[in-house]
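The chain that follows stands alone, in the form predicted alone, written as structure tokens.
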């Protein structure tokens, strides 16, 4: 099947100006956009990038673009808008009249012309105000959109505009900086901790173009976790095979295994414990009862028996259930940095909601005849033993310090470490711990500030409503210690 042709079962992006939505193409299944119901049956077989319009609930290919604002704008224009008032009586056409024209099959140009002609104040508006008025009416009354392939930019923009808490308020320019600072490219072995529902993982897989390996470290005991955004990328099987998953709570036991046989990092002789560090009591997602000797591997100077007694050591990062509901009410809860917004007893327990999801995945794998979760984890261990990580990226709603300290020994020398957080306090703590540990140089802790501009003839200016900040980035580079 041609990858540039829309097929049934594909995920597609419907883009209408700033309104972006993702749907899966199924025949005779209704979808809604701007309160308009229609089906995507007619889109099957057309190439991506095609413009469509909806008429009377039917999807039709748009043969030509509707008239521009300059073509509809009248020659007569006012000097300024000081005497204009926004009243319902300014438009003589009612909503019922406009809907009747749509049902009768009137062309798009005719509908816009009728709206302009029946506007009492249109001729009194300035030339720029007339163009703005026409653009606004076209967006409201004309259902025209473009169908494109899902990619990192469209998915990040869609979630950032509608549900930013689900992706930890990660904006598109910050996502681009993560990929740039991480030097992500084809053929690499990338380590990831993604709490953005698979957005960062999909962006990395998209950049690597099917060559290399991606190791995703995730909370929970199963071989994977639900990532709805990653499914929307609609990657082919050869790309998804690059992804390997490994639970964070098995990191310490895996490090003990490699230390007894072969050191993970031949040059690193000591692993600092999180108990020796000072993690702020506020703004942390890690249970303080588990931060101690059981959280990280003890120093090599201690007796090996002491380390083996701590087989239950784990990074007890609490998973936040219902994060999207809690985040809308309180900004501090958007990325799960407050302890009172978590569920502590059901996250890592064997009888919690996550374990039910794990059981469903196990049954699904058995029915499909695929590998078991234990086999998937063993495959990931082989990847970590064969190749050190060329890049470590962490974009998590949890406190990053315990995660970073547990994973940086898997990073090869002269490789980047990139940590994203919505708040600067966790990154400041992480910066302090990594600097004290040693083995890293070129530290940067930055905040991204973006200003969007409207670029139009003789009216270029910053956009009035925009988001100024999008989290913080901590970047450094590993070195080989002698």
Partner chain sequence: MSFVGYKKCVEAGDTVILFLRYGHMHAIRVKEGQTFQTKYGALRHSDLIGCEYGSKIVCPRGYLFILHPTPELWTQNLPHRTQILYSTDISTVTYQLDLKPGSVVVESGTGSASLSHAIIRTIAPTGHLHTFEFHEQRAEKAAEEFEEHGISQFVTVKHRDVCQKGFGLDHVADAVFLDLPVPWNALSSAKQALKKEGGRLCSFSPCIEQVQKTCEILRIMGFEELYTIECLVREFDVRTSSMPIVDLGQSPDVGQVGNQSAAPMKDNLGQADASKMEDTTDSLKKNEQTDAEPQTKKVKTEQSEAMEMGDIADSKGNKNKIDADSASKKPESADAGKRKITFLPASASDLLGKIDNRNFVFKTGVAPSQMPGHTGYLTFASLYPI
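Values in this document were obtained by computation on a predicted structure and should not be read as measured data. Numbering follows the first chain given and starts at 1.
Just so it is clear, the following notes concern the form predicted together with the partner chain, a form of the same protein that is not shown.
Asker: Only one of 188, 377, 242, 101 has a non-hydrogen atom within 4.5 angstroms of the partner chain in the predicted bound form; which is it?
Answerer: So the residue touching the partner chain in the predicted bound form, by this definition, is 188.
Asker: Quick one: from 44, 441, 60, 36, grab the residue that has a heavy atom within 4.5 Å of the partner chain in the predicted bound form.
Answerer: Here the answer is residue option 441.
Asker: Any of the heavy atoms of residue 177 lying within 4.5 Å of the partner chain in the predicted bound form?
Answerer: It does: once the partner chain is placed as it appears in the predicted bound form, residue 177 has a heavy atom within 4.5 Å of it.
Asker: Do residue 143 and the partner chain come within 4.5 Å of each other in the predicted bound form, heavy atoms counted?
Answerer: Taking the distances in the predicted bound form, the answer for residue 143 is no, it never comes within 4.5 Å of the partner chain.
Asker: Can any non-hydrogen atom of residue 131 be found within 4.5 angstroms of the partner chain in the predicted bound form?
Answerer: No - in the predicted bound form, heavy atoms of residue 131 and the partner chain never come within 4.5 Å of each other.
Asker: Please tell me whether any heavy atom belonging to residue 169 falls inside 4.5 Å of a heavy atom of the partner chain, as the geometry stands in the predicted bound form.
Answerer: Residue 169: no contact with the partner chain in the predicted bound form.
Asker: 23, 106 and 237: each with a heavy atom within 4.5 Å of the partner chain in the predicted bound form?
Answerer: Negative, none of the three is within 4.5 Å.
Asker: Please determine, with the chain shown alone, which of 152-160, 93-101, 224-232, 122-130 has non-hydrogen atoms within 4.5 Å of the partner chain in the predicted bound form.
Answerer: Of the options, only 152-160 has residues within 4.5 Å of the partner.
Asker: Note that the partner chain is not shown here; using its position in the predicted bound form, name the residues of 39-61 with a heavy atom within 4.5 Å of it, in sequence order.
Answerer: Heavy-atom contacts to the partner chain in the predicted bound form: 48, 49.
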